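Heads up, the chain below is alone and in the form predicted on its own; it's given as structure tokens.
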């Protein structure tokens, strides 16, 4: 088994979306009120350039040459932006009523997302295709990210994850520690998840 890394190409948007949203996370399913709508919404995010979630920020981990893990990370990552195009696509996918019901989620999500430390090499996304999990790909991607963080002379690495994410154990084995937990009643009502953890790894 050989794991290698390379930047994603412009024509690989569908593969990024398949890995990230082929099996949508619980909070997306709850907010979109459907697994299929959550999947379509995720695909839309990846394919909308101004949202910053597409191929140009993505590194693939390849298992024997096949892209199976998505890593999006860096020291200067832009935040998620609400644009007219995003609103239009959201209405198209969710419908007007579901879009209105989902609006409080944006504010609630911001409340549970603790900001990364200044200058931190932040891991925005790390996903492995469901068929390839538990094969060491997440660990390999974190090790790759740490090498990039050292190249950029970042003082730390960081990530935000839900408090119920079982991947927390992987992050802790790789040296990350929970430094802040934020909970929110509205976020829990909409997603079924109490909140999110900010995890940080100091780099020497």
Ligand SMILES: CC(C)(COP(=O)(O)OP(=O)(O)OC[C@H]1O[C@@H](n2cnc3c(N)ncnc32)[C@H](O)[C@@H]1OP(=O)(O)O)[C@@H](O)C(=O)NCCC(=O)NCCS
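Numbering follows the first chain given and starts at 1. Note that the structure is predicted; figures quoted are calculated from it, not measured.
The same protein also has a form predicted in complex with the named molecule, omitted here; what follows describes it.
- Listed residues 44, 178, 160, 62 were compared with the named molecule in the predicted bound form; 160 is the one with a heavy atom within 4.5 Å.
- Contact with the named molecule in the predicted bound form, defined as a heavy atom within 4.5 Å, holds for exactly one of 133, 111, 101, 89, namely 133.
- With a 4.5 Å cutoff on heavy atoms, residue 127 counts as touching the named molecule in the predicted bound form.
- In the predicted bound form, the named molecule stays beyond 4.5 Å of every heavy atom belonging to residue 34.
- In the predicted bound form, at least one heavy atom of residue 165 sits within 4.5 Å of a heavy atom of the named molecule.
- Looking at residue 57, you'd find every heavy atom of it more than 4.5 angstroms from the named molecule in the predicted bound form.
- Highlighted residues 74, 147 and 151: none comes within 4.5 Å of the named molecule in the predicted bound form, counting any heavy atom.
- Contact annotation for 163 to 177: residues with any non-hydrogen atom within 4.5 angstroms of the named molecule in the predicted bound form are 165, 166, 167, 169, 170, 171, 173, listed in sequence order.
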